[in-house]
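Presented as structure tokens, the chain that follows is alone, the form predicted alone.
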Amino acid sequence: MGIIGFGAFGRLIATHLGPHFGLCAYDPAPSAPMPGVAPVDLATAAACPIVILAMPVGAMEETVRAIGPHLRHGALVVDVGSVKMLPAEIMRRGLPDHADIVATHPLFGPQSARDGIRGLKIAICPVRGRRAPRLAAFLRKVLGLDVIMTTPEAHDREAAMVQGLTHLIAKVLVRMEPLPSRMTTRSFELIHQAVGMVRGDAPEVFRAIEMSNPHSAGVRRRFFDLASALDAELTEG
């Protein structure tokens, strides 16, 4: 398996797939070596039977264009981005017809996976080929993930609220810091915990969630409109 993009999430992938696959990884800005993962060039990573794209959505089109000539016939290409319509279209349009494509979104990150990934959710969106059910079976039976079969469109529609609001509220609360830490309620502590789970995400993740998902702008506008209306009600007494 070749992992292209070996940042925090690429390394998380390697941690959990290392026992099941031989791994190699490419990243344009190499980080510290990881035991059991061979650092290779882009062409070598792209020539593996399974290729995982673990880079920001903004870098995907250039990467897809670069790996196309190196993909073997029958390769399976999988992405792990936070949005699905745009990556699915980029891969469908840019990868050769002899490659199978599955768009995925692990609904967790390094913070929420600190205690393991068993029981966590992952969305699977078949794009091209017939291997999505086999991939889903592996993720479910071997890794213990809760697999959600969906389409890129349905995924982005729900994720615009699920992820969009979470990250949006977290961004606002971070800018309100320091937050109270002594006299707190359990509900406030849970909100603070949620903020902590996403505050370490790369800026590219927030931009992808809010700007690369076509449904995010509408959810964001509705949220602020309702917040403004509530503020007006309270102001008027």
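A quick note: this is a predicted structure, and the numbers were derived from the prediction, not measured. Numbering starts at 1 and runs along the sequence shown.
Not on display, but discussed next: the form predicted together with another copy of the chain.
- Distance criterion of 4.5 Å from any heavy atom to another copy of the chain in the predicted bound form singles out 173 from the list 59, 173, 202, 66.
- Listed residues 47, 198, 40, 37 were compared with another copy of the chain in the predicted bound form; 198 is the one with a heavy atom within 4.5 Å.
- Only one segment in the set 66 to 74, 22 to 30, 207 to 215, 51 to 59 has any non-hydrogen atom within 4.5 angstroms of another copy of the chain in the predicted bound form, and it is 207 to 215.
- In the predicted bound form, another copy of the chain sits within 4.5 Å of a heavy atom of residue 220.
- In the predicted bound form, residue 121 approaches another copy of the chain with a heavy atom inside 4.5 Å.
- Another copy of the chain in the predicted bound form comes within 4.5 Å of a heavy atom belonging to residue 163.
- When contacts are judged by a 4.5 Å heavy atom cut-off, residue 142 does not count as touching another copy of the chain in the predicted bound form.
- Contact annotation for 183 to 209: residues with any non-hydrogen atom within 4.5 angstroms of another copy of the chain in the predicted bound form are 183, 184, 185, 186, 187, 188, 189, 190, 191, 193, 194, 197, 198, 206, 207, listed in sequence order.
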